[in-house]
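Next up: just one chain, as structure tokens, the form predicted alone.
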Amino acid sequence: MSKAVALAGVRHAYTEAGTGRRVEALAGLDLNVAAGELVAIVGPSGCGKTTILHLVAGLLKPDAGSVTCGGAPVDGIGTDRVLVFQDGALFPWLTVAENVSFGPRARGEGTGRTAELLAALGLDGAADRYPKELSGGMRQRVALARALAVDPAVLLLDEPFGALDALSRERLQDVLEAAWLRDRKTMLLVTHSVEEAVRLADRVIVVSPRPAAVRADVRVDAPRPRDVTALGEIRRTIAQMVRTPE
């Protein structure tokens, strides 16, 4: 399978606010994601998971090593990669339909797949509503629809369901999985939930405490939709690695 995303020997450090000291976030990290894969990244809090997404998105540049998408070096942001944040980051002055169609309209493509995506994600009855009128779960559906509307090669998801209640989280996991099964987009998901990672991902990448390096690459060979209660052993193995430093 072709590589949709590849990080090779990536190092990245940042300046800590308040102290001014340099903190190494990634230490020679290697990671490959094949086209059409749904890969989850888990690890201890503050280990550098979000930094990985920001490097792939082009929001950050590596201090060393390389980051490529579709074989081409990542050099800034681009519509081939879209990042979905935990809070959705919707435009509050636009309706649901206007938020979803924003990308296609900016590229001169009219409304694009807006109507199709609203129907697929259960938002067609909320097309004319504004973000402030929506529940947290619905706002995240809109954020996902808006990301898919620009037809990216790679969808990057940074704890997209982390702020939701358990029931809304489960429903949005269903929505994300259905979107992946329908379009087979390459997806890279950062999550603190081992259960979520095992439920959704083809592979679960476990990263070490900061500075992050890949500690394990665990393939989840189970049919979809998955019964996570039947995957107890793999969940426990991954959770133990996350909890226990090397």
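All residue numbers refer to positions in the sequence shown, first residue = 1. Each form is matched to the other, and the largest set of C-alpha atoms that superpose within 1.5 Å is called the rigid core. Remember, it's a predicted structure, so these values are computed and weren't measured experimentally.
Missing here is the form predicted together with a small molecule; even so, the following discussion is about that form.
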4.5 angstroms heavy atom contact with the small molecule in the predicted bound form for P44: yes
Could you confirm whether V10 comes within 4.5 Å of the small molecule in the predicted bound form, counting heavy atoms only? no
When the contact criterion is heavy atoms within 4.5 Å, does N32 count as touching the small molecule in the predicted bound form? no
Is D227 a contact residue for the small molecule in the predicted bound form, using a 4.5 Å heavy atom cut-off? no
Within 4.5 angstroms, counting heavy atoms, which one of the listed stretches 216 to 224, 47 to 55, 66 to 74, 179 to 187 is next to the small molecule in the predicted bound form? 47 to 55
The small molecule in the predicted bound form: contacted by all of E16, V23 and R210, heavy atom 4.5 Å: yes
Taking the rigid core as reference, does the Cα of G18 move 2 Å or more between this form and the one not shown? yes
